[in-house]
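First, one chain by itself: the form predicted alone, in structure tokens.
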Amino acid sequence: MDKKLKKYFNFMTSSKSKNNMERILALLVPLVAVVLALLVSSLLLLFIKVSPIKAYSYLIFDNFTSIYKISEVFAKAAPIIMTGLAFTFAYKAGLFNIGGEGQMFMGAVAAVFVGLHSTNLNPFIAVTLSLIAAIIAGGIWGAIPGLLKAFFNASEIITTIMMNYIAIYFVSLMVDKPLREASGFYPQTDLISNTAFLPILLKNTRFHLGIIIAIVFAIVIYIVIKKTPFGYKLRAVGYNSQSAEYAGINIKTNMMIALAISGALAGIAGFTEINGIHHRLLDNFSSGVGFDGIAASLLGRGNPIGVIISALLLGMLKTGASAMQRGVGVPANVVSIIQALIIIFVLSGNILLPKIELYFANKGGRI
């Protein structure tokens, strides 16, 4: 065995040093990446003659100046958590579900449909039915690429992207014709029945029950992936599908189930957005939340609990970006560039993390 490799193997099998090293590096690397991203973004801000210090004070600290702004971080994070979980679940089976956006849209259509017809229902029943409808719609939308993958070996990346387009234009059609509001003025549906509204947990904010639902689902998904035989099979397929098949695991079935559950999770994001925030279906209501979920999953390193933390970070960037626009007049496009740079730097840090660990292992495991 190569000397360096042997050293690394010994380091990796030493659980105590591994845990200590991982904990320190897992904390330090993202922080350093964020600082580097902000430094690079400073050049851009200086180029447009904006003080980086003022801009960043709005981006970071404005989120904590009131209860309402803190609640907004959570409100924006809720759907990102769900779409992040959607990507994570499929990823564990070795699949790339890029269709979170479309699955969320289909979940929203189903939630709105139930919400529009639940006037006389008890609120608990109305909300539950909306949630179930969103899960089923998102699940079906995710299962279609799963079937295509299992039986025709169609790339799930391409099919899920194409399904996004179908879902987005389907929503446009729905709000333009069949579900258009009664007045017919705007391309949107009527408000859903208030019995289907998600309860607001803090007065005069948008901190709704959907945030709690998202966190509960994250914990459930963590347990399913880490602690159940199904989760073990799923991860086995993701690690090495041929070995998993040799061990008697049905690859096709697991792929279909993984993408269906992944789609169902994204469908819940549509439910939280409709029943918790908008209360009606709007054209292009998501602002790319389905794609933010992919970033949250990658930032969270495929861990459902990490997805919660990453989604909160992205939620903070979204609300802080609005404050930065209002406070120092940073154009929206520049704000998007800064957000993208932060994500790219953190992801790069995650990719480099194993090499950094190896470097310190060669130094004797000491930082």
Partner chain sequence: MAITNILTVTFLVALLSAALRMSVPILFSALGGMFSERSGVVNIGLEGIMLMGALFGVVGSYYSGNHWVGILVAMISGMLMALLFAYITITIKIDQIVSGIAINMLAVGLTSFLYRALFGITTVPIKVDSFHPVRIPLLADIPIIGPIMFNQTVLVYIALLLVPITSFLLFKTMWGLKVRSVGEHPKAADTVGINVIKIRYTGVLISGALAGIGGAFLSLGQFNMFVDNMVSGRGFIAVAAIIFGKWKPKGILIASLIFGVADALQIRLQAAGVGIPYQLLLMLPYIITIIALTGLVGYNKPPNSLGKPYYKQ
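Computed from a predicted model, the values in this text were never measured in an experiment. Numbering follows the first chain given and starts at 1. Superpose the two forms; the largest set of C-alphas matching within 1.5 Å is the rigid core.
As for the form predicted together with the partner chain, it is not shown, yet the points below apply to it.
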Of the listed stretches (55 to 63, 300 to 308, 41 to 49, 26 to 34), which one has a non-hydrogen atom within 4.5 Å of the partner chain in the predicted bound form?
-> 41 to 49
Contact with the partner chain in the predicted bound form, heavy atom within 4.5 Å, among Tyr222, Tyr232, Phe170, Phe285 goes to Phe170
Contact residue in the predicted bound form, chosen from Ala143, Leu131, Ala75, Met163 - any heavy atom within 4.5 Å of the partner chain = Met163
Taking 4.5 angstroms as the cut-off for heavy atoms, does Ala323 touch the partner chain in the predicted bound form?
-> no
Any non-hydrogen atom of Ala154 within 4.5 angstroms of the partner chain in the predicted bound form | yes
Any chance Thr319 has a heavy atom within 4.5 Å of the partner chain in the predicted bound form?
-> no
Using heavy atoms and a 4.5 Å limit, would one call Val334 a contact residue for the partner chain in the predicted bound form?
-> yes
Leu148, Thr159 and Ile343 each touching the partner chain in the predicted bound form (heavy atom, 4.5 Å) | yes
Though the partner is not shown here, which residues of 285 to 322 have a heavy atom within 4.5 Å of the partner chain in the predicted bound form?
-> Phe291, Ile294, Ala295, Leu298
For Leu312, is the C-alpha shift between this form and the one not shown 2 Å or more after core superposition?
-> no
Shift in CA distance, Ile343 and Ser66, in the predicted bound form relative to the form shown here, given it is 3 Å or more = farther
Indicate closer or farther: the Cα atoms of Ser336 and Gly100, in the predicted bound form, relative to the displayed form, with a change of 3 Å or more.
-> closer
